[in-house]
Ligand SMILES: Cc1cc2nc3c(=O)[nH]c(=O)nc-3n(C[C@H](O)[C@H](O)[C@H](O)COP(=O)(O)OP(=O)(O)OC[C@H]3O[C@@H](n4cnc5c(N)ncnc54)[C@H](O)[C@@H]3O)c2cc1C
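Let's start with one chain on its own, the form predicted on its own, as structure tokens.
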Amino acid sequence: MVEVGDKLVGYATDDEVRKRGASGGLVTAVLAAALEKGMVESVVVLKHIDEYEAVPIITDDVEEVLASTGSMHSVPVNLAKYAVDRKVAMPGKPCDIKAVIEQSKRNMIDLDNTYLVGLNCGGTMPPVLTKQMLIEMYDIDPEDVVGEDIEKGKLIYRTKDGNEKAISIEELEEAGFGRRKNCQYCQLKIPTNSDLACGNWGVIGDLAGSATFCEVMNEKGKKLIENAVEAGRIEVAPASDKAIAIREKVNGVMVKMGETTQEKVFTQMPDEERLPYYREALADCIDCGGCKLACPVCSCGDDAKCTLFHSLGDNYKMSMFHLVRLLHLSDSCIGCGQCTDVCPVDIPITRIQMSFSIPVQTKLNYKPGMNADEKPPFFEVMIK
């Protein structure tokens, strides 16, 4: 009998799924069972193209779900908007889950119809830079890579010849590689705001590398696990005290790294310096609108007010479009980095947005991804 709050270790019963899965294939098996047994109408997954590229798909084919197994640290896509107006199950990094919750507050996603399987995340990496990193830092041909993982502060790659090489994340980032900048200051590593919080942290002994640690966060998570067990898709057992302690220790280390980086990146800026900083940072904007389209939190359509301020003729020192977006997302920016990823002139938009949002969210005593009833009224707090 599974209960809310249980901490479990489990794996897929299908040998092929377990073998291909980064941590025993449990997440893939849970998603497949939810679709197979009619809990959802479709599942959002990443369809692999190679080790560095995948595309999000929405499928009602169980076999297609099973074929998606395997981690993809070099595919930094956010899946939230694929759940809009659908009864789906989906995996997600902490930022995916935060974005889904923010979309639910905008009545774009019905959380009662959405099952969220959260994935522990130490960070994602840009694919092109990752290939360069493999050549320069690992002395590995990118085409020879068959698997990768993040464990004990190291980024590990496995090659076709059965060898593996690990380098510390800190060393890689000092050399200009490794995780995307926004991932380096992220402080939600275990997605406790999901229905199930899954990952390899805490899997020890003989099961290391072939099983998943899973925490049941709510009744929907309980239903997902029980459904997958009844379908014969997974086997689970209680996690040991040692496994739980190790998971908490790993999480603590990763969170501390995020806190340290955030302190370095986001220092308190005097009010009189803030607007000049934004003007200079956004001076290269070409008004393409890509940041708005890529944002997994923004739910504005083409007739939205923020879009109305978007005009090529609006060039007085700094576009009103950016000022509106800074305010528009001030209490909701999840720091996922999607806007920065798509900017064709390499403006660090996420850093700019977060430099505005962090003080606001601190004053609100609120972090994006909290449930709606935990979020205080924005203007009531800001006028105090």
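All of these numbers come straight from a predicted model, not from anything done at the bench. Position 1 is the first residue in the sequence shown; the rest follow in order.
Keep in mind that the form predicted together with the ligand is not shown, yet the notes after this line are about it.
- Note that among 154-162, 222-230, 121-129, 135-143, the stretch whose heavy atoms approach the ligand to within 4.5 Å in the model of the complex is 121-129.
- Put simply, Ile334 is far from the ligand in the model of the complex: not one heavy atom of it is within 4.5 Å.
- Contact check for Gly199: a heavy atom falls within 4.5 Å of the ligand in the model of the complex.
- Using a 4.5 angstroms limit between non-hydrogen atoms, Thr114 is distant from the ligand in the model of the complex.
- Remark: Cys291 does not count among the residues lining the ligand in the model of the complex, judged by a heavy atom distance of 4.5 Å or less.
- This chain is drawn without the ligand; in the model of the complex, the residue among Gln184, Asn193, Ser71, Gln103 with a heavy atom within 4.5 Å of it is Ser71.
- For a residue to qualify, one of its non-hydrogen atoms must sit within 4.5 Å of the ligand in the model of the complex; all three of Thr28, Leu46 and Asp96 qualify.
- Contacts between 75-91 and the ligand, taken as any heavy atom within 4.5 Å in the model of the complex, involve Val75, Leu79, Pro91.
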